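Take a look at this one chain, the form predicted alone, written out in structure tokens.
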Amino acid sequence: MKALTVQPMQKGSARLDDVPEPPDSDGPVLVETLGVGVCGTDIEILSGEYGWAPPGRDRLVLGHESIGRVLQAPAGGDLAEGDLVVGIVRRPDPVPCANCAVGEWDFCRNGQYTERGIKEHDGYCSERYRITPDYVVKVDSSLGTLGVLLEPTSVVAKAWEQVDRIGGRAHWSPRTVVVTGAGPIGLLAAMIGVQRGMDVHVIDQVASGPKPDLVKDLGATYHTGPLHQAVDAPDVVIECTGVGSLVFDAMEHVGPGGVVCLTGVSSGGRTLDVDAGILNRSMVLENEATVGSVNANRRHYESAAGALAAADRAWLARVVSRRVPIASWEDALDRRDDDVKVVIEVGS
């Protein structure tokens, strides 16, 4: 079968390979891959900056944002032939640590977890894969291949959960949220905010293209200026860019008792001139909190599935802005001005 593979930490090593059928040891559920989303992590792996091959191997099958169709499943279970499904990315470490032992593998403490398509476990960008039922999440059939958005939605579903848990330390009735960044993660974070009935504001640097219209049609407000000019003291800020200046802007301008959730991963090597004393004073005296959030466990995937099922299909279809056949996978890396989420089509 065909698969997109890469030799981690080696730039320019990606290629479309013929690989063996998935081994039975991966699980009793056989899935035909329909599509795989491309995100920043994939770009980093393809650029030779990140990634680990499975033990004893030089190459890794890429892809962690998936949508597929069940071909085979154990009788008597929750899965049946024809079901649309998404594979969960992370697997708990084998020790396991205290968190992995209770299904909270997104909080793995010893770093021995594996991740499909990223760390020591082949990903989903192959014609077929096998998986165990406990790492499969069913997708509403009406979503079709838009279910490829489930994995990035799970990331922001966890972010919202973290916001609620921290905000719940006192009376918590947030009304206003600012999302920084109108990429797929930011748009999906804003979508959940709108579903919660909040006043949602999205900040990005582009003034044209699909992003402003996507935000407006979601029922949110789009801004291109600094946070404090867009909204005065929001209850929640979900930071989705990893841009250092926006991180500190969010921490400085969140409202009293507010929560800042950081989901973007910053690149190093940049310094900022920050008045740490003023920032500390504000956070202490106003009971403000900042938390980092990454990855997701099964609970977050299930929450994300519910959010997508409740979303407008036409709007989601615009988030998936371009589809590329797997034979032309390199075109998916050619960033275009109107790109939001690019998907590699693997099956029909």
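As the structure is a computational prediction, the values presented were derived from the model and not from experiment. Don't overthink the numbering: it's just position in the shown sequence, from 1.
Unshown form predicted in complex with beta-D-glucopyranose (BGC); subsequent notes refer to it.
Distance criterion of 4.5 Å from any heavy atom to beta-D-glucopyranose (BGC) in the predicted complex singles out 294 from the list 43, 294, 284, 291.
Proximity to beta-D-glucopyranose (BGC) in the predicted complex, taken as a non-hydrogen atom within 4.5 angstroms, holds for one residue of 204, 235, 122, 151, which is 151. In short, of 66-74, 294-302, 22-30, 310-318 it is 294-302 that has heavy atoms within 4.5 Å of beta-D-glucopyranose (BGC) in the predicted complex. Taken together, the three residues 248, 251 and 275 all stay farther than 4.5 Å from beta-D-glucopyranose (BGC) in the predicted complex, as judged by their closest heavy atom.
Using a 4.5 angstroms limit between non-hydrogen atoms, residue 90 touches beta-D-glucopyranose (BGC) in the predicted complex. Interface membership of residue 118, defined by any non-hydrogen atom within 4.5 Å of beta-D-glucopyranose (BGC) in the predicted complex, is confirmed. In the predicted complex, beta-D-glucopyranose (BGC) sits beyond 4.5 Å of every heavy atom of residue 279. beta-D-glucopyranose (BGC) is not drawn, but in the predicted complex it has no heavy atom within 4.5 Å of residue 53.
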